[in-house]
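Take a look at this one chain, the form predicted alone, written out in structure tokens.
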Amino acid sequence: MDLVDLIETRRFLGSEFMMWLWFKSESYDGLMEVAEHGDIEVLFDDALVLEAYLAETERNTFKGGAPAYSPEAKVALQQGKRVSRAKIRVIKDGREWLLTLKAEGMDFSSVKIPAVLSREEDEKFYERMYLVEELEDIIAALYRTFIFTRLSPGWHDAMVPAMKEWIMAEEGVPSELYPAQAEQSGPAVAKSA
């Protein structure tokens, strides 16, 4: 299998990452601890697109308000649709980023960075670049946590059943439902013969 085929066969991970992030965000009202960044807030904002996994033409687009918390989005999830794009708000130390994250390629678009405080043009440029890099680093840290969890035995034993329960829930989700221990167990290690 060449690299292109390998990438194509792993594209589902972007959608799974966004589903996991949505579940975790809703479980903890957006508050979560991110490695190397401490406490941050990750919220699904006012745009969300859900698509059927096998039939990409079946798509629900939600705009305005808080669509991630709407009954319509839950119904789409219950019908088997998965997140393909979402507008996400990230808040750290009083600074706020806004971005649209596309699941298939984990692409960022429409990135809005916190206000730049520098006065000189050169300093403004470097501050903007720093803020973009900080956002990329936060998303990468979240993705590493997801992959660590995804490769652990806790993914299938605890996380997937909890996510199914969250999807089928009529309203909200208590934080006790989120199986935090699944993030701690780490990847399964292949046993040698």
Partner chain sequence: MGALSGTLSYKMFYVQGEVAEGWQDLYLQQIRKNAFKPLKPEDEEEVSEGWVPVERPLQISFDLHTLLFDHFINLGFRQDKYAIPSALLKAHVEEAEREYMIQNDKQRLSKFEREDIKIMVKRKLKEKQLPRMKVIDMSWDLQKGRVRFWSQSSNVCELFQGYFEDTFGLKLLPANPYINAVQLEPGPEKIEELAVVEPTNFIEGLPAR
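For clarity, a rigid core is taken as the largest C-alpha set superposing within 1.5 Å between two forms. What you see is a predicted model; the values in this text were computed from it and never measured. Residue numbers count along the first chain shown, from 1.
A second form of this protein, the form predicted in complex with its partner chain, is not displayed here; the remarks below concern that form.
Q: Using a 4.5 Å heavy atom cut-off, state whether Lys112 contacts its partner chain in the predicted complex.
A: Yes, Lys112 lies within 4.5 Å of its partner chain in the predicted complex.
Q: If you check in the predicted complex, is Trp155 within 4.5 Å of its partner chain, heavy atoms only?
A: Answer yes; at least one heavy atom of Trp155 falls within 4.5 Å of its partner chain in the predicted complex.
Q: With a 4.5 Å heavy atom cut-off, would you call Asp93 a contact of its partner chain in the predicted complex?
A: Result no; Asp93 lies far from its partner chain in the predicted complex.
Q: Does at least one non-hydrogen atom of Asp107 fall within 4.5 angstroms of its partner chain in the predicted complex?
A: Heavy-atom contact with its partner chain at 4.5 Å: present for Asp107.
Q: For the three residues Phe12, Lys124 and Met129, verify that every one has a non-hydrogen atom within 4.5 Å of its partner chain in the predicted complex; reply yes or no.
A: Checked in the predicted complex: all three residues contact its partner chain.
Q: Can you say which of 142 to 150, 58 to 66, 41 to 49, 25 to 33 gets within 4.5 Å of its partner chain in the predicted complex, counting heavy atoms only?
A: That would be stretch 142 to 150.
Q: Does any residue in 85 to 102 get within 4.5 Å of its partner chain in the predicted complex, counting heavy atoms only, and if so which ones?
A: Counting only heavy atoms within 4.5 Å of its partner chain in the predicted complex, the single contacting residue of 85 to 102 is Lys102.
Q: Could you tell me whether the Cα atom of Ser109 shifts by at least 2 Å between this form and the one not shown after core superposition?
A: Shift at Ser109: below 2 Å after core fit.
Q: Against the rigid core, is the Cα displacement of Gln79 between this form and the one not shown at least 2 Å?
A: Superposed on the core, Gln79 moves its C-alpha less than 2 Å between this form and the one not shown.
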